[in-house]
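Starting off, we have a lone chain in the form predicted on its own, written out as structure tokens.
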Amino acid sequence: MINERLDLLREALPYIQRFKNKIFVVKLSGKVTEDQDQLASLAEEMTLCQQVGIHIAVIHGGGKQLSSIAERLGVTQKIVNGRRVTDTETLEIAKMVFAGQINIDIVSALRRCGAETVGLSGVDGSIIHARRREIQEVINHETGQVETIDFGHVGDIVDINVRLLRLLLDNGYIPVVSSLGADDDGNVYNINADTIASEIAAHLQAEKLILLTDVDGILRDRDDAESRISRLTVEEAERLVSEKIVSSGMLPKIASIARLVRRGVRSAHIINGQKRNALLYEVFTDEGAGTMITAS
């Protein structure tokens, strides 16, 4: 047992050396953050990464918690192709859940591990400049029918301002950013957290984008955890989409990853944040714990 642990440390050494002073953008899903024990474990892993010289920026959504609170309040939710239609009532809940409860929980967990951290939304420091999404004709992947969709208070990103994030990263802080943005008039929008994470990773010229979800990566058979694909190119991932091998919830992740990797971020990773040490295994071992997507 001791030798196995020492071997893991030896295996980690070249990765520690390679990633020192690099930026990792880590996106946490709502399913990952709702369990406090899991969140505490992830906070330890992210703090450890920071302690060996990796700069960590955290982006989070909170779709599951938002849906749960909306159900309790009797606010009906509509999801189209993995994207939430955000009416006025849903936006108010999103502001409360994203910029409030979840953000504070993550910041508190990191603080307990000794990390210096700052909680933000994309509205703070004009990090995310957005505009309201236009009414669209979309093909519903579940029904195959063309639908006219008004996504309500859903925003599309116009620009990203990373000056505040760089200031925090350069001074040893872990910024924790919730998935809200605003336009020049101060109108707040709900924005897909995977898209935000991808855009921030690109603007920070990050080494990696790591998406922590509740699945073990991309599965060739979604009902078989053993069918995990360890490595993919962007073209191979998009082929899985066209062949309808991946589930609807994975579609926006793959789309944003494809755009990101083509813009120069070296790799993007989809891993199961509900498994203890999955982040460390993915970053510091040859085998990894999820799916890594690269340009080629």
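For every residue, the number given is its place in the sequence shown, counted from 1. Everything numeric here is computed off the predicted structure, so don't read it as measured data.
The form predicted together with a further copy of the same chain is left out here; the points below concern that form.
Q: Please determine whether each residue of Q101, S121 and L280 possesses a non-hydrogen atom within 4.5 angstroms of a further copy of the same chain in the predicted complex.
A: Checking in the predicted complex: Q101, S121 and L280 are all within 4.5 Å of a further copy of the same chain.
Q: Evaluate E44 for contact with a further copy of the same chain in the predicted complex, applying a 4.5 angstroms cut-off between non-hydrogen atoms, and reply yes or no.
A: Close contact exists here: in the predicted complex, E44 approaches a further copy of the same chain to within 4.5 Å, heavy atoms only.
Q: Would G114 sit within 4.5 Å of a further copy of the same chain in the predicted complex, counting heavy atoms only?
A: The answer is yes: G114 has a heavy atom within 4.5 Å of a further copy of the same chain.
Q: So in the predicted complex, does I191 come within 4.5 Å of a further copy of the same chain, heavy atom to heavy atom?
A: Contact check for I191: no, nothing within 4.5 Å of a further copy of the same chain in the predicted complex.
Q: Given that a further copy of the same chain is not shown alongside this chain, does D214 nevertheless sit within 4.5 Å of it in the predicted complex, heavy atom to heavy atom?
A: D214: no, not in contact with a further copy of the same chain in the predicted complex.
Q: Quick check for you: of 78-86, 221-229, 146-154, 163-171, which stretch puts a non-hydrogen atom within 4.5 Å of a further copy of the same chain in the predicted complex?
A: Among the listed stretches, the partner-contacting one is 163-171.
Q: Using a 4.5 Å cut-off on any heavy atom, which residues of 88-111 would contact a further copy of the same chain in the predicted complex?
A: Read in sequence order, the residues that approach a further copy of the same chain (within 4.5 Å, in the predicted complex) are E89, E92, K95, M96, V97, A99, G100, Q101, I104, D105, V107, S108, R111.
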